[in-house]
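One chain comes next, on its own, written out as structure tokens in the form predicted alone.
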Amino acid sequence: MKQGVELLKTLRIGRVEKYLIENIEEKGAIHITLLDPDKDNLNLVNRAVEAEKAGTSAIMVGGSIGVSESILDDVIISLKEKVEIPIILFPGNISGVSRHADAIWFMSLLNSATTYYLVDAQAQGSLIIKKYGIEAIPMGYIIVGEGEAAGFIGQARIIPYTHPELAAIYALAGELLGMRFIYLEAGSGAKQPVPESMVRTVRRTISTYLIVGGGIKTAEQAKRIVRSGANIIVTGTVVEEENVERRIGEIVRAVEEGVN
């Protein structure tokens, strides 16, 4: 899949997005670690360092609740002192913006029942992002399955796993609106990850990059999801456990195996 080559030729793409695309094109799929700055902040930097050693390609920072800009600034400054891979904001609200990050997922919750998470929060945050000069990467965000806190806060009309075709049409709408990444989200701590059948259905429907996260706890789950068509696997809960480098390393290797 070489759609990234054409994107780079025709679009003004920033340094971090170019880095992600080139890594996907080279490896077939990559892993990104998600850190919640409201959880166990004292160990956050150490966990990021271990994840980088394990081969994760970037660090996403954000959460659905309890994140302020001041907390975010402190966390990201500390992270950038210790890790070399990009730090990408994953905002749950307009408070989830920090001038110190390398980039931000400029994301719209496509299946939200309220315009706030669809476009209003983005409109409110847009001038801040421009003022800070943060690289914005357009993403269509779709909450499926259990949804967890992200689904509740985002007032999502959560798409059941039994209806992958609904996820596919929302994903296609995002792509046609110009979003270069589509994220299928089961929710942090979900009991089950996004099923392979849904990933395959979405993959067959869209041609842009597909991110899958939420509920992925094992290397085997990650491998199956990559084989079903995911370009990026995101895990967050596993970095809150022990042996982060080993756990993330297993998942990174499984992502590589899933491409083959």
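Throughout, we count residues from 1 along the sequence that is shown. Small disclaimer: the values here were computed from a predicted structure and weren't measured.
This next part talks about the form predicted in complex with a small molecule, which is not shown.
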Choose one stretch from 94-102, 72-80, 181-189, 165-173: the one whose residues place a heavy atom within 4.5 angstroms of the small molecule in the predicted bound form. 181-189
Considering non-hydrogen atoms and a 4.5 Å limit, which listed residue (Leu44, Val199, Ala219, Leu34) is close to the small molecule in the predicted bound form? Leu34
As a check of understanding, the residue in Ile59, Ile225, Ala29, Val234 with any heavy atom within 4.5 Å of the small molecule in the predicted bound form should be identified as Val234
Test of understanding: in the predicted bound form, would Tyr117 fall inside 4.5 Å of the small molecule by heavy atoms? no
Heavy atom to heavy atom, is Gly229 within 4.5 Å of the small molecule in the predicted bound form? no
According to a 4.5 angstroms non-hydrogen atom cut-off, is Pro195 in contact with the small molecule in the predicted bound form? no
